[in-house]
Structures are given as structure tokens and as C-alpha cells.
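Given next, in C-alpha cells, is a single chain: the form predicted on its own.
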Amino acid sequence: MDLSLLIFLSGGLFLGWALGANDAANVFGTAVGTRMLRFASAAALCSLGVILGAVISGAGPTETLGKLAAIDSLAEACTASVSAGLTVLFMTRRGLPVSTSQAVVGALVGWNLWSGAPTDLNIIGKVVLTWVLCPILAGIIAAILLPLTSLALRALRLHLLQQDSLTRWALVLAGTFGAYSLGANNIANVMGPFTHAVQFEPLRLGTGLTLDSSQQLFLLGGLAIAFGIFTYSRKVMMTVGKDLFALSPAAAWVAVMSHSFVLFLFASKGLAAWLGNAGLPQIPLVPVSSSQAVIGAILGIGLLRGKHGIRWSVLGGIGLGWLLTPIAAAVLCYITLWTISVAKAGVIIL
């Protein structure tokens, strides 16, 4: 791979590393935090699931981002990715919860404003709608799934050791499914800005297996996410895992499954096609926030149990972070691109 190409792709790879370091906790934090699974095993399963999800099912959300902003310059795609990453870093350091998906969308809109390209308001409307629907849908699924899970456990009448073993495997399976869903849905955040600017030759891997240009980008992004999981996710996994498991083992499993199912819904081209063929409204294929889905699931469980333990002031801060992130990313991307263009113009005049 050309060195200059790798340098420009570094913005997306940095986003992938950060995503792996943070969002892996949403899918395997429960299992690791309760010591039901070792970190190395969780990291390996999570990395495998993310890579497979990205390569196999990552096209749908990425196509939507491609329609939002068709960046055909590597340098400008890198600027958009770095702007999104810096926005996430800035908000995080100030204690505001953020979404990588929202930051990337904001940066792409900022690029549209700078380049004079039209922003499809229909696509923006779908994306913003999913930001609202994602936590609500996760909360509804969790509220439905929790009593069904409790009923099933009571009907099984398992001994303590049997319950422990069942919980262990349930969390592992839920985490693996969640990792696949995370890769399928969020790879668009990592490599979406580059799909129009980078075109690889088809890569043949054995008989009957060929990766097209987009899938090769997704593979690179998936590897970056996996690197973030292995190098920097242990502490976050432990923190989120302990916080989630305080809900109870059944509630923790429900939160992970609800989160994973929502991410999968917004990434599945097959499901969208089936709904369209059946004459039903299609679920938009857009990258959604893993953290939003988990928060929505936990909120759904809390409301089902009578609002006990819900800190509304914290939820207000979360809402503020979700509002400010895309705006800040758009402004930063626009200012950065404008500054670079002015500097280039000055150099040419001199």
C-alpha cells in the first residue's frame, strides 16, 4: 500500500481505534466485568465479530453516508475524519457523552457547506430520526425482553451453578452478536468518508472469495477497531461491565441483546429488502450509536422497574452531548478546510 495513502487513511484508522477502545465495552463489558470471561478471550471474540460484521454487512450504512457527502479527495476525507475524532475527544475530555456516528455525520455536513455541495435533507432527516429512534427502540425491546427472560428463568428452575453457566454462555453469545452488529453498523463511521476517494483493485483470497474495494477498506477499518479493543478497552470494559451487571445478570443480558439487535436492524440490507418487498416501511440503513442503544436499553429497564435509580440530570447531560456533537464537528470541519484552502492560496500567490 502506498505510504501517502496510508497517511491519509490514518484519520479513519484513528477513529476505528477509538471506537474499538470505547464501544467494545457495550458488547462484552458485562462478561468481563463479572469475570465470567477473560479479557483476552473477550477481545478475541469481539475483534473477530467486528471484522466479520464490517466486511460482510457494512455496505448498507456506508452507502447512506456516501449519499450524504461524496468526498473524492483523500486529503479532504482525512480532514473530515480527523475533525470528527477531535470533536469526540474534546467533548469527552469535558465530560459530555458523545456519539462517533453523530460526529462523522456532522463533519460530512461541514464538508458539504465548505465545498458547496448540496446536503440531501431527506437523508439528514432519516439520520436524525434514527438518533431519536435508536435509544427508544432499544428501550422498548429491553422492556419487552426483560419480563420474558425472567419468566423463562423461573420456568427452567435451574440450580445456582446451572444459572451461572447459562448466564456465562448467554453473555458470550450476546456479546459476539453485538460485536458483529457493531462492525456492520459502525464501520461506516470509520471508512465511510473514504469510499469515494479510494479505489482498490479486487483482492482474491482463495477460491471463490474476492474482496472489492469497499470491503478492503472495511477490513482495514475492522483491524483498526480490533487494535483498539486489544490495546485500550480493558479499563472501559471493567467499568461498564460492573455498572451494567448491577442491574442483575438477566437485566445485563437484556441490555446487551437489545443494543445488539438495534444495531443489527439499522445495518441489515436483507431485512430492509424484505420489508420493502412486503410493502412495509423500511428501516433506514445508517450508522447509529452503540452507546445510545445501551443507554436506551438501560433506561427502558429502569422505567419498567418504576424509574428507580434513573438520574435525570445525567440524562440531560447525555442529551446535551448528542445535540452539540454534530454541530461542533460540522463547524470544526468547515473551519479546518477553509483554513487549509486559504493557506494554499497564500502559498500560490507568494
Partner chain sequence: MRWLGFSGKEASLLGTSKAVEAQIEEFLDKVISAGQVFSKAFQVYLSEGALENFNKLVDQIQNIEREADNLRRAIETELYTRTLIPDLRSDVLRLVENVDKLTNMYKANLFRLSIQAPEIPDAFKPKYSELVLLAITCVEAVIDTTRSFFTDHQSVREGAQRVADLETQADELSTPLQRLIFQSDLDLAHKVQLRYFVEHLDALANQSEDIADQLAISAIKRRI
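Positions refer to the first chain, counted from 1. Every value quoted in this text rests on a predicted model; they were computed, and no experiment measured them.
What comes next is about the form predicted in complex with the partner chain, which is not displayed.
- Taking a 4.5 Å heavy atom cutoff to the partner chain in the predicted complex, the contact residue among N122, T210, Q199, S150 is S150.
- Picking from 78-86, 162-170, 128-136, 220-228 the stretch near the partner chain in the predicted complex, with a 4.5 Å limit on heavy atoms, gives 162-170.
- Although the partner is absent here, S248 lies within 4.5 Å of the partner chain in the predicted complex, judged by heavy atoms.
- With a 4.5 Å cutoff on heavy atoms, I141 does not count as touching the partner chain in the predicted complex; it lies far away.
- The closest non-hydrogen atom of K235 lies beyond 4.5 Å of the partner chain in the predicted complex.
- Using a 4.5 angstroms threshold between heavy atoms, R38 counts as touching the partner chain in the predicted complex.
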